[in-house]
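So this first bit is one chain, no partners, the form predicted alone, shown in structure tokens.
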């Protein structure tokens, strides 16, 4: 994707040289010589570091949270661009201080240290969005997106077919493996609370003991905090060192919101999420449904 890299570099050079931003957040080749990693470029003469290929997994929007009040450009894939819209809608970013370099995404591949996989990431295999919903500069030719059956919820449906006892056993096994490192929280663009409930001491919501019940409470409450807000970047699952399928929880709640309100977060920066609004005449037809 040499043409992508050249266009990103050109936009970045122009922005930095003109003083329109003081930092461009993009991708560069990592120390393993194969996979991409986040890059922070502050000088026009350093834009040659910037690149883009099918190992650029990171959602770089997370880093904007530490640059409030500073003019910044960020390179985004379509799912990442939805995070920009989310943070704009929730007044965590100021539009005039963020320059969005949007990419038409061909899909990102699995990766490991020093090697690139052949298969696309699971989220990319079922993704129907290839064009960023927000951008100032567009890199790549827009792709006609034909309506297609949504496969994003297939793993959720497969788990829902199991009995309640089997689902309980499945999640208990996952919770027992969690070490509560909070990497999922740190990488999530939607987790920006100044003080997380997990860190509060007065009142104390969650103790310091790491065990299955406390872990279950952590993951359940975090998933509910993201209900109607999760943009589906699956960064939480990617960074989990224990390999816990966190996206299953997020997709389940996403499916419920989608079914009830026909709403997908991050599509624009104007439509308020349904769980942040109240309509007394609303009839959701809630029938209980199947659990996750």
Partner chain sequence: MLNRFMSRPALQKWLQTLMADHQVVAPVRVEGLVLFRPVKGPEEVALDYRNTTMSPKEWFFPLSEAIFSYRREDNKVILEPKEAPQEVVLFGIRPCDARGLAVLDKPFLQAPADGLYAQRRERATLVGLACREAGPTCFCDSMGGGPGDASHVDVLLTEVKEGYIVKAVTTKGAKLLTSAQVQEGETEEPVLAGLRPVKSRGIVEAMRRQFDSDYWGKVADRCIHCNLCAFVCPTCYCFDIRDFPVGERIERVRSWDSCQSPAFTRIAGGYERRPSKGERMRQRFAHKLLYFPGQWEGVLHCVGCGRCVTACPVNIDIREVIEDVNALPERAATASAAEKGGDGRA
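Residue numbers count along the first chain shown, from 1. What you are looking at is a predicted structure, and each value in this text was computed from that prediction instead of being measured.
What comes next is about the form predicted together with its partner chain, which does not appear here.
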In the predicted complex, the one of 71, 181, 160, 128 near its partner chain [non-hydrogen atom within 4.5 angstroms] = 181
Heavy atom within 4.5 Å of its partner chain in the predicted complex - residue from 264, 225, 238, 252 = 238
Using a 4.5 Å heavy atom cut-off, are 197, 219 and 229 all in contact with its partner chain in the predicted complex?
-> no
Proximity to its partner chain in the predicted complex (heavy atom, within 4.5 Å), stretch among 119-127, 77-85, 92-100, 181-189 | 181-189
Considering only heavy atoms, tell me if residue 242 and its partner chain come within 4.5 Å of each other in the predicted complex.
-> yes
Any non-hydrogen atom of residue 48 within 4.5 angstroms of its partner chain in the predicted complex = no
Considering only heavy atoms, tell me if residue 37 and its partner chain come within 4.5 Å of each other in the predicted complex.
-> yes
Does residue 206 reach its partner chain in the predicted complex if we count a contact as any heavy atom within 4.5 Å?
-> yes
